[in-house]
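Below, in structure tokens: the form predicted on its own, a single chain.
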Amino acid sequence: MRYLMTFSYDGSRYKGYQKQPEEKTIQGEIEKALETINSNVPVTIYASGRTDAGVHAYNQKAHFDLENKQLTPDKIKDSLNSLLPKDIYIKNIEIVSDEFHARYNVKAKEYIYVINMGEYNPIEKDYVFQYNKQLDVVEMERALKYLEGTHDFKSFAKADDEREDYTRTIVQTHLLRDLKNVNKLTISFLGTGFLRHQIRNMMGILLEIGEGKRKSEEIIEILAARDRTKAGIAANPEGLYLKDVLY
């Protein structure tokens, strides 16, 4: 039987989502817990995608198969949460068809990136990017609009990510200021899919634009160049969250 799992995690203590030898990862912790409740038979989970070290998730999705039908979705959820570290939480488990795939059936994903323009906050250092200077928010909003639509995003892909097709569609973007704290910015990206490091690389350019080092119109030239070196450095991972996955 196939199950779809929705879960959240604090990625600050992990070497990313994807399982790696000798490293503490989100996938590794969940699979270890699943193996325990599955009579010590290994279980592989297939996520909607991976997140980098230090990146967090509100609603990551993954599917897995279990033969034991006595393990109901509620029982699996409760058992996993009793075994998992407190920085990983299973929010929901539901039965899906055997043809469902958590990665290949994705219709859209939403990511958010949170920035603190105010005074350095050590309590938030793992959860909000501590930029600690004012940014030109209006110019950043202009730049976001150039990223919307269907484009070849090779300039914003991971440098060693070799593939035939770098085309992705960003459906919409938003830049929001916290009403209670005007120094906190949240930038959201809703798209049909994203390349590895694409969000962090786009955020790197947006920060340079906000600093006044570049103009928003340069996004057009960077996209056309299809050259990773034209897009500057990636933004820090700690402000990035996978907010939702839509099927």
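Residue positions are given as counts along the sequence shown, with the first one as 1. What you see is a predicted model; the values in this text were computed from it and never measured.
Omitted from view is the form predicted in complex with another copy of the chain, to which the following refers.
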Query - Proximity of K24 to another copy of the chain in the predicted bound form, heavy atoms at 4.5 Å - result: no
Requested in this report: Tell me, yes or no, whether R163 is in contact with another copy of the chain in the predicted bound form, where a contact means a heavy atom of each within 4.5 Å.
Outcome: no
Query raised in the report: Quick one: does K180 come within 4.5 Å of another copy of the chain in the predicted bound form, counting heavy atoms only?
Result: yes
Query raised in the report: Using 4.5 Å between non-hydrogen atoms, is Y120 touching another copy of the chain in the predicted bound form?
Result: yes
Query raised in the report: Tell me, which of A157, I115, I88, A102 has a heavy atom within 4.5 angstroms of another copy of the chain in the predicted bound form?
Result: I88
Requested in this report: May I ask you to choose, among K125, H174, R142, K75, the residue with a heavy atom within 4.5 Å of another copy of the chain in the predicted bound form?
Outcome: K125
Query raised in the report: Tell me which of 126 to 134, 166 to 174, 94 to 102, 142 to 150 has residues with heavy atoms within 4.5 angstroms of another copy of the chain in the predicted bound form?
Result: 126 to 134
Report summary line: Looking in the predicted bound form, the residues of 1 to 34 with a heavy atom no more than 4.5 Å from another copy of the chain, listed in order, are S8, Y9, D10, R13
